[in-house]
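Given next are two forms of a protein chain, the same chain in both, each as structure tokens and marked structure 1 or structure 2.
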Structure 1
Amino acid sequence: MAVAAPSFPDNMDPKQRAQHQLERLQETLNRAYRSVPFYQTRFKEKKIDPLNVGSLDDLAQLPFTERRHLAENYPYGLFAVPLRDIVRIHTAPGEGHAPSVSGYTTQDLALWNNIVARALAAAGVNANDIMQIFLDPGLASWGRGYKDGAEALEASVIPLTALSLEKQQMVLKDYKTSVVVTTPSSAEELCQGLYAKGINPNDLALRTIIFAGEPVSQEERRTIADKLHVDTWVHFGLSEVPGPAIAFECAAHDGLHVSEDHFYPEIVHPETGKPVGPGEEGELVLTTLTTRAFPLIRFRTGDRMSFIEEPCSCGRTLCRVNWHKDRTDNIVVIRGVKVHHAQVMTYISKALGFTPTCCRLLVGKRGDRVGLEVWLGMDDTIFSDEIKELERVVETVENALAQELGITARVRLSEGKVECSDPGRREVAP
């Protein structure tokens, strides 16, 4: 039976926690440097010895790890333990040609149980609950994380399955689901579906919705909470180190607490890479402190966040962040699934046999369903004076994207150049 690195008490004296964080950080750096050529090379290039990281602030000397690095080291290049020790492998859509693959040792899996259970417990989930997981197939690995975490709390779990919306509604009603884990977009659909069927929320046992995968505005939350008579809770996660519930809301519903005994958070200015001032918005950068198979050093999440300086009324001393809707990178989040510009360009090029000049990604709707909207800028290679040729381009790309990304994509053709997100992402020297 594997035992995970323990979480420290949520209300631990921050100074004491900092000592533990430093110890865990140094161990992580030493292991990464010793066992992962990628990190060793990068540290050496910058003439940085992980041993120079003598304080948590010194971490800022180290280079960032970006999503493209995960793709470049496909599949197992960033693993820090022998494959023999890996017991689970997850794949997340990557940036560029290859997906990002992450591995887990038995300890890592136990660790995720603890992390997710901690976040669920903060939302009041307990053994009396029946929890239904309703996420897109693209978030299947999170589905597993939530299942394991809820089981650790002895809640009854209805795991993620490929059920239609209608069946999900049936399960929700008949099985007396009390907690739903879903994305804001899926929650919205569920809500509309229930109303369309004339199901009164009072007929449901539902009392809690946990939003995963994407940030949610106060209005969206209020709408869903009012319509379904539920409390809503926000969780933040990463699909790369799957990943759910790295940061979670407490009963105060005022920002998200970061499980900083396992992930060290920094918020940096997206262009300069320098730490932002107190309370200022920037890009969240995470360093794993306890994962064994897949350490990530200063991973740029692309999520826009800001630290909340004031202590939380709930008594937890785990630091708090506000999660903002816009991102700092070229990623569009569709129903919790991260879609990267460069990756979409790659799929489009592959499907068409040539690379179009530009494309722009937006969150769009097809009927009631939220999906990806790709605006392809018209250029001489795509253009034909025959409508059927153009329609074929649209269809080809739509099919390819649906297949590769697992989400519905609508392709629109646009006159001339579209406002292109820059595919070659900034590289900021730390």
Structure 2
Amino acid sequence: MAVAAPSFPDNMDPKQRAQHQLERLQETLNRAYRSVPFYQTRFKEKKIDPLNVGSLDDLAQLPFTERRHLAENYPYGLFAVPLRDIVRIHTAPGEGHAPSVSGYTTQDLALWNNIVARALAAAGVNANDIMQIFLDPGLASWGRGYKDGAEALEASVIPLTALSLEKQQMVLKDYKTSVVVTTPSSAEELCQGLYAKGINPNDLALRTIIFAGEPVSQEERRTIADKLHVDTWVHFGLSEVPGPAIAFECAAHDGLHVSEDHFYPEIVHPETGKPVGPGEEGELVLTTLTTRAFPLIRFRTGDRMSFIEEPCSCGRTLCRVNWHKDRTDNIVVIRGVKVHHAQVMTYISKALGFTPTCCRLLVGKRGDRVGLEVWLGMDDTIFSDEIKELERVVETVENALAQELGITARVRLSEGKVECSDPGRREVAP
């Protein structure tokens, strides 16, 4: 069995870690240049020889990798190893007509387990815990990552399963769950459901909630923590590689530590691509340092972050970031799943057999549940005087989006212009 690249001590001297980062970066660049035609072409166009990258600062000379490049190289064009070495394949929504596909070697999976276990341990998860994973199906790969990471700590795990909210509440209470991994949106829904049933938080074994998939404000997490009498923690990850917990919160609850022995972080100006100043807000760019199957070089995440310059009181020397709510791209995050206007329109057109001439995509709340709303104008392509036919259109689109995105979408048919004046909803930008 392959052995994962080691994680260096969290309190390693920054200069020593930088030297290790450089060595791993050089190895990654050389492997990508040799094995991935996309990167070889990009480097040659820029007249860059990976062998000439002699410092971490030289990384800024390399071109960015964007989500559209993942779709353009669908399905296996960015793999750096033969398919016979791939033991797991994941897909995530992309920006174009194809999803993004990532692959993992045995070593990559072992590495992922170590990364997630490190983040869970920082939140105090241990062998005495029972951890329940409550995520939407669109984050199924994250569910597997959290399961494996928790099991590495010898915690008991209730894996991600397609249970209704009521069943999740039942499991939480009856199975004596002590740790829940979920999105902030789902945590709010779970909290409201428990109160609606009259369940006293003091009767639960729950002590920890780990938020994953989307940023959460201090006010939101404080409300959930107070209502459920729990400690809350935040994890940041990517659906592309490798998954959750790339950055994690420590007991200081002052920003997220980046696992920078496995990922080199940059924060750049979204428009110019140039590094921002100390403490300034910009777009997080990540380069994988130890991933073998699917290396990503200067991947633009679209997540808006800023570096924290001061040392952390926890003693870790891993760099820290603040994760801000707004994004730098047109993607919206719904219950942890990234949704892009063009991708959703592709799925709708495929389901209907034609592209609707009047369609708006909105993010809204129904009760306590955040979700995607699709408003279709009933023009000549959709209109029918048969109610059953209109119901079939709605059902077809809803099922297609649930299957492709892994989230629940609500479809509405509207006569005339498709408009929404509800300030509680916001549009998914094209």
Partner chain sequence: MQAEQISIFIENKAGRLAEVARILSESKVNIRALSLADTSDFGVLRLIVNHTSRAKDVLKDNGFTVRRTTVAAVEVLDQPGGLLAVLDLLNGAGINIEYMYAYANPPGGNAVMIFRFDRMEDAIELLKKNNMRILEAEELSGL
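For clarity, a rigid core is taken as the largest C-alpha set superposing within 1.5 Å between two forms. Because the structure is predicted, anything quoted here is derived from the model rather than measured. Numbering runs along the sequence of structure 1, starting at 1.
Comparing the two isolated copies of the chain, the first one is the form predicted in complex with the partner chain. Once you line up the core between structure 1 and structure 2, the Cα of E404 ends up 2 Å or more from where it was.
When the rigid core is held fixed, the Cα atom of Q107 travels less than 2 angstroms between structure 1 and structure 2. After fitting the larger rigid piece on its C-alpha atoms, the remaining smaller piece is found rotated by 26 degrees between structure 1 and structure 2. Relative displacement of the A351 Cα between structure 1 and structure 2 on rigid core alignment is 5.1 Å.
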